[in-house]
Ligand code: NAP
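A lone chain, given as structure tokens: the form predicted alone.
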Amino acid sequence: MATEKIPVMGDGLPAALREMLGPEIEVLEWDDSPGSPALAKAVGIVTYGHPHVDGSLMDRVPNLRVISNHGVGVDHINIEAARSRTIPVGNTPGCLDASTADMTMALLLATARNVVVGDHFARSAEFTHYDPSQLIGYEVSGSTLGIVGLGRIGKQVARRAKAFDMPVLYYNRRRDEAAERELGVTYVAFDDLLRQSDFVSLNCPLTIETTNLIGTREFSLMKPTGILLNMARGPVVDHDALYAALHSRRIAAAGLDVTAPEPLPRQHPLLGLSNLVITPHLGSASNRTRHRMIQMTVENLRAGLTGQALPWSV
């Protein structure tokens, strides 16, 4: 007699994740429309591409036992609504710290040294001879890096910056004296970080407090040669203010791995700027990291389905 499969709703789950779920899990394609059969049937939810999961959606999944998020950021899930309904929520902390820090440094180097503009120029018909005066970038070694959010990822960024002999400033809601001793970083007030840094790296979570954290006022405090890097979430930066700062050369450049919305509309003015490097949310997109994220997502899901404590609970 065949064992009845466990129905789980997921959005765009890749083959590798589906395979790891095993044959006993029935994957229901994402359908949050009113009266959806998937909502009525599902006992678990896997969020892969950041679909919005609020209390209303949870109430329309009457048999919901667990929400397992593929990724560490859970700003698309109403955690308080889940807690009030005693629905455990899992994520994948720790495993993506190194790869996201690597990507932070990749954006830093790309923006500072005109990697993307240089690539396009080197492929173009205009590149007919070498000219030492072309595409002069900004020296990374010895420049000051300011990290907003010295959490797990921020600390990994600081370690990498030290290899470039970069003095590192940081701003957190709470000072981390242990990190200062370990990493040699310096705590400063938020405005002072903006004024003193050559590179400002956003590695903070998206919260009410960090929404539009960087806007017109903050850009006015940065150096004209300053470069902004956003590896946090798109809404941490006011995109209209960012466009104005880049277009007017109030700051030198920016590197974004996240935007709001994501992706940007194809006619968005930011996409036409040559002093912006933008990548499609690649922070954790490395082979080892993504494999481990899938493993953790599945382990959280299986624990929740069987009523056990989640290994990585939010």
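Heads up: residue numbers just count along the shown sequence, starting at 1. Keep in mind it's a predicted model, so treat the numbers as computed, not measured.
If you look for the form predicted together with this ligand, you will not find it shown, but the lines that follow are about it.
*Asks:* Using a 4.5 Å heavy atom cut-off, which of 123-131, 221-229, 158-166, 206-214 contacts this ligand in the predicted bound form?
*Replies:* That would be 206-214.
*Asks:* Does the 4.5 Å heavy atom contact test between T100 and this ligand in the predicted bound form come out positive?
*Replies:* Close contact exists here: in the predicted bound form, T100 approaches this ligand to within 4.5 Å, heavy atoms only.
*Asks:* If we define contact as a non-hydrogen atom of the residue within 4.5 angstroms of the partner, is S284 a contact of this ligand in the predicted bound form?
*Replies:* It does: once this ligand is placed as it appears in the predicted bound form, S284 has a heavy atom within 4.5 Å of it.
*Asks:* In the predicted bound form, does H239 have a heavy atom within 4.5 Å of this ligand?
*Replies:* No, H239 is distant from the partner.
*Asks:* If you check in the predicted bound form, is V200 within 4.5 Å of this ligand, heavy atoms only?
*Replies:* Output for V200 is no: heavy atoms all beyond 4.5 Å of this ligand.
*Asks:* Among L150, A112, A82, L194, which has at least one heavy atom within 4.5 Å of this ligand in the predicted bound form?
*Replies:* By the 4.5 Å heavy-atom cutoff, the listed residue in contact is L150.
*Asks:* Please tell me which of V258, I251, L39, V53 lies within 4.5 Å of this ligand in the predicted bound form, judged by heavy atoms.
*Replies:* For this set of options, the contacting one is V258.
*Asks:* Counting only non-hydrogen atoms and a 4.5 Å cut-off, give the residues of 233-249 close to this ligand in the predicted bound form.
*Replies:* The one in contact is R233.
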